[in-house]
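Encoded as structure tokens, the following chain is the form predicted on its own, with no partner shown.
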Amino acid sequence: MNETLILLIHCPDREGLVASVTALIRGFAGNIVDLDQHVDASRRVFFMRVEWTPRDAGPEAVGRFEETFAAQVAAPYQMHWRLERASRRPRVAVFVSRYGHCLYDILARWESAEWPIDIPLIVSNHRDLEAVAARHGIRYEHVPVTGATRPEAEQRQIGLLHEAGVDLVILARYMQIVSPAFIDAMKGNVINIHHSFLPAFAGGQPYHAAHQRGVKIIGATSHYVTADLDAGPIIAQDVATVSHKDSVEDMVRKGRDLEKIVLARAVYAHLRHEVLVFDNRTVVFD
């Protein structure tokens, strides 16, 4: 199959943007296979994702395209942009604590080749899921974290990520806060999942608190991690209805199902280079 390149752009909105981008791709004998765009009218910002197959996808040819695009299109239009190869297999590390439902789902999507990724590393502050990693032949690193040892533990984690050449970290119900230094080390490529009760039902037993309050919907949110804890750009969300008939155990089961699915949607969109972040919000092309 021909190599596919993906160009992601955002810039101030003005006339001629689409024509300028597509004309340059055509000038390099590229065939556009998918194009999506959006204009935020209130902020006058243009967003675009274009997927295309070049006649020559070799490093030199792609390098020439990048140089020409930067000079002739990106600079005049004040574009923020990046070019990705669809064939590149990202290296993913999964961080877990004691809950395994999201980890099992990730491993199933990886083993079934639904996700074209490599998972060289699982990191945890507990040993509960070590046997799961062993069954899948994945390196498992136990890095205990306490208030006193957090800086040293995080430095070890960052070292492990660099050693394994990790591109993306998935916090699969990892019940620890990560620092700005950790996020910077991963260039912001850290995705988290949590229940949508935050901040209304924060704490260690959100489903118990929500059950006591008599909520009628529960949900899950997956987002990029920023220094502002759970306030990072949201990638995916979903909800499920509950009623007075549901016990706490029913709500936990429904909530965990949502967490798995919402996290998977967010990660898949990231892997397909369908997400653009601007001003702590996301544009998710589909």
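Remember, predicted model here, so these are calculated numbers, not experimental data. Residue indices: 1-based, along the sequence shown.
There is also a form predicted together with another copy of the chain; it is not shown, and the following applies to it.
Chemist: Using a 4.5 Å heavy atom cut-off, which residue among His136, Arg150, Arg85, Arg91 comes into contact with another copy of the chain in the predicted complex?
Modeler: Looking at His136, Arg150, Arg85, Arg91 one by one, just His136 meets the 4.5 Å heavy-atom criterion.
Chemist: So, in the predicted complex, is Asp167 in contact with another copy of the chain at a 4.5 angstroms heavy atom limit?
Modeler: Outside the cut-off, so no.
Chemist: Quick one: is Arg253 in contact with another copy of the chain in the predicted complex, heavy atoms, 4.5 Å cut-off?
Modeler: Taking the distances in the predicted complex, the answer for Arg253 is yes, it comes within 4.5 Å of another copy of the chain.
Chemist: Answer for Phe197 alone: is it within 4.5 Å of another copy of the chain in the predicted complex, judged on heavy atom distances?
Modeler: It does: once another copy of the chain is placed as it appears in the predicted complex, Phe197 has a heavy atom within 4.5 Å of it.
Chemist: Using heavy atoms and a 4.5 Å limit, would one call Arg109 a contact residue for another copy of the chain in the predicted complex?
Modeler: Arg109: yes, in contact with another copy of the chain in the predicted complex.
Chemist: If we take heavy atoms and a 4.5 Å cut-off, which stretch out of 128 to 136, 68 to 76, 175 to 183, 153 to 161 is in contact with another copy of the chain in the predicted complex?
Modeler: Stretch 128 to 136 is the one.
Chemist: Taking only heavy atoms into account, state which residues of 264 to 281 are within 4.5 Å of another copy of the chain in the predicted complex, ordered by sequence.
Modeler: Counting only heavy atoms within 4.5 Å of another copy of the chain in the predicted complex, the contacting residues of 264 to 281 are Tyr268, Asn280, Arg281.
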